[in-house]
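Just one chain is shown here, as structure tokens, and it is the form predicted on its own.
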């Protein structure tokens, strides 16, 4: 059985081990980021004289081997290892000897997790930013394509005033465009290096070069206060989800629109058979499950965000083991954003427009407000015109 980094003699009671070991599936996915951070840390340790150049070369060989095994699906974490950090250190010690016992110098698993997550955050936010920009272009294209096709506008789920299919799609394009204004600030906010903060109090008697690891990791700056580094765990995750969660709100609202407008009663839009499911009992059914799941996933997303907020709420400064519980919901929430954007990028261009049904739906009540403003344009007070038109409409 693998030995934990902190373990000396006796092992944990099985119930305690099972209860306190976090879901390692997230660590399995995040492992390359820990290797990246460890590689930079090894270079820095060599620069300040903690390890020799030969030892650093051995460490870099070890990291290459780990990644090669990982990419082949052969570097698999076990619950007994607790996390990817333990698995990496154990591999180095087993295959390269004493240098494996030096790699943890000047750091704690706390700042290992922080920098691993920071690198993951930076990648994911940048990738999501690009997908949102692509989706803006998609909505812009369909908006222009259908800009002159009339469509009822709705308030309170009732027909209200005329609009166009183009304006409908453009509303989502505009909302996403505003969201992109927030993401550069979010990227700048997370682009700081916590490595070297250790357990939240820095390291005494050893002059770490935190600027060196910052540059090697392509991060913008050092996160200087070590206690703030520890405090930022969970806080950064929650902030990211709060901003990017706007895309999930928009996807939820779009999914509800699509569920309504693809019903037989409306039939304004439709999708090809490759995008809809069927029924096990009703042969005629075409179900737009993708939009129902999209609506449900938005609720799951905000459940994950709420988990992270609730975990960190009420904690004091410094590290608390509760913080380890923020990793999995954050990764799951990011996965939901990614998969939802991927689906929207695929299906929005495939929406088929039923011009006949849209035209039939443009009934006279949609134009009643226009009659009010015709009178206003001729000089009549708005409220008088409103009451006259209302009385006339309900007499018909």
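Nothing here was measured: the structure is a model prediction, and the numbers come from that model. Positions refer to the first chain, counted from 1.
Beyond what is shown, the protein has a form predicted together with a further copy of the same chain; the following relates to that form.
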Worksheet item: Exactly one of 77, 315, 150, 220 has a non-hydrogen atom within 4.5 Å of a further copy of the same chain in the predicted bound form; which residue is it?
Response: 315
Worksheet entry | Non-hydrogen atom contact residue 24 with a further copy of the same chain in the predicted bound form at 4.5 angstroms | no
Discussion item. Even though the partner isn't displayed, in the predicted bound form is residue 43 close enough to a further copy of the same chain, meaning a heavy atom within 4.5 Å?
Written reply: no
Discussion item. My question is simply whether residue 188 lines the interface with a further copy of the same chain in the predicted bound form - judged by any non-hydrogen atom within 4.5 Å.
Written reply: yes
Worksheet entry | Heavy atom of residue 298 within 4.5 Å of a further copy of the same chain in the predicted bound form | yes
Item to complete: Please name which of the stretches 151 to 159, 123 to 131, 69 to 77, 212 to 220 has residues with heavy atoms lying within 4.5 Å of a further copy of the same chain in the predicted bound form.
Response: 151 to 159
Practice prompt. Check each residue of 62 to 87 against a further copy of the same chain in the predicted bound form and list those with a heavy atom within 4.5 Å, in sequence order.
Written response: none
